[in-house]
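Before any questions on binding or motion, here is one chain by itself as structure tokens, the form predicted alone.
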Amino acid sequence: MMTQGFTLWFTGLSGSGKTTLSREMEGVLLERGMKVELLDGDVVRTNLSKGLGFSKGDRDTNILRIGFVCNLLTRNDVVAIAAAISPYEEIRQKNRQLIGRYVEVYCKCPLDILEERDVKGLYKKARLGEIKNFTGVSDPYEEPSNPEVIVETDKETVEQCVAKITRTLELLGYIPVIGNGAEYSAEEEEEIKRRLKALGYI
């Protein structure tokens, strides 16, 4: 069965789980026979957006570039997975409008927990003023207004997050259903359906 492309866009603060979940979802989608390209924010900055800084204008340009590539992939029946902080709602909405088949996943995690984790030591450096324009500390992060999926990465396991994202994509008809859906509890299923209903999908 020929499947259409779409973009799976992960947004959230640094350390909220975007890269981990995007890699897990890449595996899930490949197992289902999809063509997948993963665009990680850090990797994109090294290649596609080399030379851009962290001013609002440069951040917007970076996210719009990722959106442009995702749109090209989506049009050619590839699943584009983007994992980037993408802090500004206006720019995320521009990408949504450009791409069309766009599923936003908000990796939600309280700032104090992210600062406790601080795997890369970035929050500490930002608090000490060693990193300027750091999202969540000295730069704003605007929460998504209408994400298809919200995963609370301080409360949900990686497996639970992946199951929620996967089931959402199944219900949207973007990926083939495998098995009988037994890995989702009735409560989880209802939560996902409520979210999609509220957004006007079902």
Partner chain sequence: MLGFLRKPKKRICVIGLDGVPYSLLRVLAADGTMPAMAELCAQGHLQPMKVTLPEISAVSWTSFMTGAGPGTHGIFGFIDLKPGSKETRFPSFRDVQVPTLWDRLGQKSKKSVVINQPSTYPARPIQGVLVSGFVALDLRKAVFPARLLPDLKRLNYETDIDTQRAREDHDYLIQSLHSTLEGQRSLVDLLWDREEWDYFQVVTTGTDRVQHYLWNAIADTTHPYHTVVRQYYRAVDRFIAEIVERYRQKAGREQGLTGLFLLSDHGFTAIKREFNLNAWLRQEGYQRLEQATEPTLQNLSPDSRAFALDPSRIYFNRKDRFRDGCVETAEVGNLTEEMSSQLLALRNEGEPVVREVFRCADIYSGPCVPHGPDLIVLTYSGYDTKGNLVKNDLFTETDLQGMHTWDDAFFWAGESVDGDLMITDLATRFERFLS
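Just so we're on the same page, rigid core means the largest C-alpha set that superposes within 1.5 Å between forms. Because the structure is predicted, anything quoted here is derived from the model rather than measured. Numbering follows the first chain given and starts at 1.
If you look for the form predicted in complex with its partner chain, you will not find it shown, but the lines that follow are about it.
- The putative spot formed by 172, 184 and 199 is fully lined by its partner chain in the predicted complex; each residue has a non-hydrogen atom within 4.5 angstroms of it.
- None of 147-155, 36-44, 53-61, 130-138 except one has non-hydrogen atoms within 4.5 angstroms of its partner chain in the predicted complex; the exception is 147-155.
- Contact between residue 192 and its partner chain in the predicted complex is found at the 4.5 Å heavy atom cutoff.
- Using a 4.5 Å cutoff between non-hydrogen atoms, residue 24 does not count as a contact of its partner chain in the predicted complex.
- Superposition on the rigid core between the shown form and the other one places the CA atom of residue 191 2 Å or more away from its counterpart.
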